[in-house]
Ligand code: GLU
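First, one chain by itself: the form predicted alone, in structure tokens.
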Amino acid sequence: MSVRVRYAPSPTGSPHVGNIRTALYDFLLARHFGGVNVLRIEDTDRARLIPGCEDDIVESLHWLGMDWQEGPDRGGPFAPYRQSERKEAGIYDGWIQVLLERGDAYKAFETPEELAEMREYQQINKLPEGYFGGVWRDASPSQVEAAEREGKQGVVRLRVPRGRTIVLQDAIRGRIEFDSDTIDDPVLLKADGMPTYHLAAMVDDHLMEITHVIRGEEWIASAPKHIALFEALGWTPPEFVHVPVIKGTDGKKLSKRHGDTAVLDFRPAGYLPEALANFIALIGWSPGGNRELMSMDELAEAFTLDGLQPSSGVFDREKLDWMNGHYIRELDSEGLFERVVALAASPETSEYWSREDHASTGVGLKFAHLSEAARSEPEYAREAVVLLRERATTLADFAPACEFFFVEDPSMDPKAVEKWLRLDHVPGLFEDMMTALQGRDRVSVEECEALLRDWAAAHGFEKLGPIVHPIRVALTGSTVGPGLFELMALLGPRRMCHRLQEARKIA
């Protein structure tokens, strides 16, 4: 099957999970069939453009491992690939003229006030809302000429045929029928001469020979307008694929509180691109069986439209964290350390963790400590990161989890201090440990375990808990963390003696 798809975002905001999923499905479908993936920038809505958003779009795609064969940055047989440039090249003007000459489009000259009055009338009388012709759908040429002579600002609208059934053959939902009498006449060309999505996207899809249009199900209501336009121009529509919305685990439409944030925000938050791409691909698509953890190559090999689901996909942050944790543990030690250090050193990370909604976590400062340790004691920092690998779900977890390794005096949990450092045997335990460690350059994991077990046996402790918990709190400030004997060996005698001495003061 010959496949040409397009990801056609508007640079009005940085890509979020929903629209980046569309880009991913385009990419996977093209890869699966050995087709062509096109990046097209739909920037005709000049009032809503945000500087830098096109760069964010490209960066998001690259970060997640997606590529394209034609686009603004690399050209192609149907260039240009920005709609503003295509408009300037006059690509849309000819088709508007064809539609006007055939009577499939018409000029309309209502003022904004008249349109508002029309909508109010429809609402009050519980009529279908939209523009169904007004006085201009059937206006005579002389009426149009008179309006233009008077300098009235007009738009060009599609004349949706009346009294017939418009059929959408959707790849996910099958046949959907629309009564054309309920479909309003959309604007094709705005008063400022800019084409709307209804015109530009459909003309571009035809001229760029797009075979499949993957887009959100919110466009189903507009699909009959687009089919009517294709038919008016005598073109065969592409196959429409309307993917369902993404919801949170509470069943409500995805919002920022569910994690619907800019895709690039997942990078400083510590998510791996391969994990995020894997996760997003499975929101509304199934490869069959129980497969979940899949590389991009595996996703492309398995991806077909048959696996797309008609029901809403769910953004489950817990599943993303589980998946990301798996990918972290799949990294080799050096690869993991390189990624953590790169994240810690990135200005993007500093900016993200200094935002108002993240600053209180203190993660930014902890990343700074990690970066300094990576510069001054790279081997020590690498071993600390690797030691925490099993407990991390994001790369950002390493900053607070490793903090006690990289500061002279870790912050103490008051409850842990009260519970474990006030026990009667603790001062003697700390004194004996400092004595045993004094003058040593290093100590092995096995030696650390033997020190604690021997002290417990010598002092009549059958269980090791009353021994290991006070030591852990003294060394890390917390009751949780990686294996105690391993972290003791990594801290080394000097650091342990200093921390035991400080803890002895409050024991």
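The shown structure was predicted, so the numbers you read here are calculated from the model rather than taken from an experiment. Don't overthink the numbering: it's just position in the shown sequence, from 1.
Here the subject shifts to the form predicted together with ligand GLU, a form of this protein not shown in this document.
Exactly one of the stretches 384-392, 211-219, 399-407, 264-272 approaches ligand GLU in the predicted complex with heavy atoms within 4.5 Å, and it is 211-219. Only one of 70, 449, 42, 56 lies close to ligand GLU in the predicted complex, with a heavy atom inside 4.5 Å, and it is 42.
Between the options 95, 106, 197, 131, the residue in contact with ligand GLU in the predicted complex by a heavy atom within 4.5 angstroms is 197. Ligand GLU in the predicted complex is approached by residue 9, whose closest heavy atom lies within 4.5 angstroms of it.
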